[in-house]
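Take a look at this single chain, the form predicted alone, given in structure tokens.
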């Protein structure tokens, strides 16, 4: 196993537990997704992998070597595209990519070949010699990806690599992410974009409040929803659908902005289409779709269940404390 993380815990001053017993492993040539909402502990985890943060407890091994005891080794064998934009004001993308490749010890000829390959594949050649201050956030993001992969480490960490990138180049970028893994690196992909992660990763772990709540291939994680469909309605501006208006066949209903999402059994597909069609005729929705359940549905279900369990545990703890207080007063 190229990257192995065992029972990793990180507690900040003040008691904030960013990671809580995280264990996972990534093989050579694999794209492993680390999926979770903002604040789930993803960036804290990768900062420990590359030796920028020291774990409170637990172990990290890269190629069998203790990366916690030797953070310098971790920084040498890992390359990272950070979540924050890399500051390249005063230099061009060409200069920034070339500099990082040479700092990592790659021959200049190899750096140039790989840079040319990525620039062509990502279609950013027209900005290659433009000052970094004058290029868009999306092109800066793509430049950051090139900087991380022009001389890739044994472990390549991509933290939200598609932020600010336009839809066309996002697709091109995912192809290059796959190519980097196929060349032999272990790619640890950090993202909150569930739908894109489903197409890009070999395996993934879902993090919630610093803990791994599920791990597997996208197909394995969707096993429980294999026989369900995903109904998505896009509501007209100002329109709301009350709970009483939603038919019983629309289960696990959630809302996100002007979208209502629910799961539907295959036997109810016809009824779901008729209901959505009636809503569209009544000008209450703009459009609708009915498709097989996605990894996003799994994510919503798992995180919702984990949050409900945490709330129940907190309530039980409060009740226990109250009962103990009553017992003390009675005594």
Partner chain sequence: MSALRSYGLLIRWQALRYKWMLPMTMVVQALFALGIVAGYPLLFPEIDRTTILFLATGAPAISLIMMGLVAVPQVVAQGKSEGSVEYIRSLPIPRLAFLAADLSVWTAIVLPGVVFAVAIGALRFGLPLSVSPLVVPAFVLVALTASCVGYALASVAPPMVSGIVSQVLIVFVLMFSPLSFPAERLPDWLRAIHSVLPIQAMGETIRGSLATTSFPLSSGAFLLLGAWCAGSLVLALAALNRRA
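Residue numbers count along the first chain shown, from 1. Quantities reported herein were computed from a predicted structural model and do not represent experimental measurements.
Heads up, the form predicted in complex with the partner chain isn't pictured, but that's what we're talking about next.
Colleague: Name the residue from 250, 122, 212, 106 that puts a heavy atom within 4.5 Å of the partner chain in the predicted complex.
Modeller: It is 106.
Colleague: 257, 242, 90, 238: which sits within 4.5 Å of the partner chain in the predicted complex by any heavy atom?
Modeller: None of the others qualify; the residue that does is 90.
Colleague: Does the partner chain, in the predicted complex, lie within 4.5 angstroms of each residue among 68, 95 and 99, using heavy atoms as the measure?
Modeller: All of them do, each having a heavy atom within 4.5 Å of the partner.
Colleague: Using 4.5 Å between non-hydrogen atoms, is residue 265 touching the partner chain in the predicted complex?
Modeller: Residue-level check for residue 265: no, no contact with the partner chain.
Colleague: Wondering, does residue 52 line up within 4.5 Å of the partner chain in the predicted complex on heavy atoms?
Modeller: Yes, residue 52 lies within 4.5 Å of the partner chain in the predicted complex.
Colleague: Contact between residue 85 and the partner chain in the predicted complex at 4.5 Å, heavy atoms?
Modeller: The answer is yes: residue 85 has a heavy atom within 4.5 Å of the partner chain.
Colleague: Taking any heavy atom pair closer than or equal to 4.5 Å as contact, tell me whether residue 221 reaches the partner chain in the predicted complex.
Modeller: Taking the distances in the predicted complex, the answer for residue 221 is no, it never comes within 4.5 Å of the partner chain.
Colleague: Counting any heavy atom within 4.5 Å as contact, can you tell me which stretch out of 196 to 204, 68 to 76, 113 to 121, 174 to 182 lines the partner chain in the predicted complex?
Modeller: Of the options given, it is 68 to 76.
Colleague: Can you name the residues of 119 to 137 that have a non-hydrogen atom within 4.5 angstroms of the partner chain in the predicted complex?
Modeller: Only a single residue, 131, comes within 4.5 Å of the partner.
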